[in-house]
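The form predicted alone is given below as one chain in structure tokens.
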Amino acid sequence: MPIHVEIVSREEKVFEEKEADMVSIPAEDGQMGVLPHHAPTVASLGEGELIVKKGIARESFLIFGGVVDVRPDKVVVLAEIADTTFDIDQEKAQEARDHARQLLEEGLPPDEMEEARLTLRRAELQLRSISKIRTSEPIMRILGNGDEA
């Protein structure tokens, strides 16, 4: 029995795969692996990489906060932010990281500090993800409609 996986951000449905084999989720308490027939669970999401595997193919997303609802045959991720790692622009991530660092060093009003910290964490996670993808074996992606690429 495969797992139906849905990833939804504040703005849109980011991804859906009806026949995944496994999901690795960045829960607040650590990475959580989900296989078919997993016990029902609701968990808070942290920051990190969410991976959906189907056969030898996989999709990878950067997740920032939210909740996940795990059922024996379905995983629904409701993320504050969900970015596919395959669309990350390294140059933009480096610029965002450098700009956020500069703003934090110069000092910001308290209400703007958290946004700058989030931008910095997001950019650093994107850059680590790019590095990981480039040093790993070639990856076969899963397309959002359930077909393999």
Partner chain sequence: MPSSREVKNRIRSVKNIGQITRALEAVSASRVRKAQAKVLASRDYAQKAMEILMNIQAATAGSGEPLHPLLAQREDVKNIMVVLITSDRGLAGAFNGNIIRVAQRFVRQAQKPIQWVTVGRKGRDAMVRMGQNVVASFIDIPDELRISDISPVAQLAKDAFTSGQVDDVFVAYTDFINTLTQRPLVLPWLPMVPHDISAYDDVRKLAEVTTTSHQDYEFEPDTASIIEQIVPRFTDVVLYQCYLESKASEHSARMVAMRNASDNAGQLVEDLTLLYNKARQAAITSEILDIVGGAESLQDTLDKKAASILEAAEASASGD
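Positions refer to the first chain, counted from 1. The model shown is predicted, which means the values in this text are computed figures rather than measured ones.
The protein also exists as the form predicted in complex with its partner chain; that form is not presented, and the subsequent description refers to it.
Not one of Ile51, Ala57 and Lys132 comes within 4.5 Å of its partner chain in the predicted complex, counting any heavy atom.
Asp29 is the sole member of Asp89, Glu112, Asp29, Asp98 with a non-hydrogen atom lying within 4.5 angstroms of its partner chain in the predicted complex.
Contact with its partner chain in the predicted complex, judged by any heavy atom within 4.5 Å, is made by just one of Leu120, Leu103, Val67, Ala93: Val67. Among heavy atoms of Arg10, some come within 4.5 Å of its partner chain in the predicted complex. Although the partner is absent from this view, Pro40 contacts its partner chain in the predicted complex, with a non-hydrogen atom inside 4.5 angstroms. Heavy atoms closer than or equal to 4.5 Å to its partner chain in the predicted complex belong, across 76-115, to the residues Val76, Leu78, Ala79, Glu80, Glu115, ordered by sequence position.
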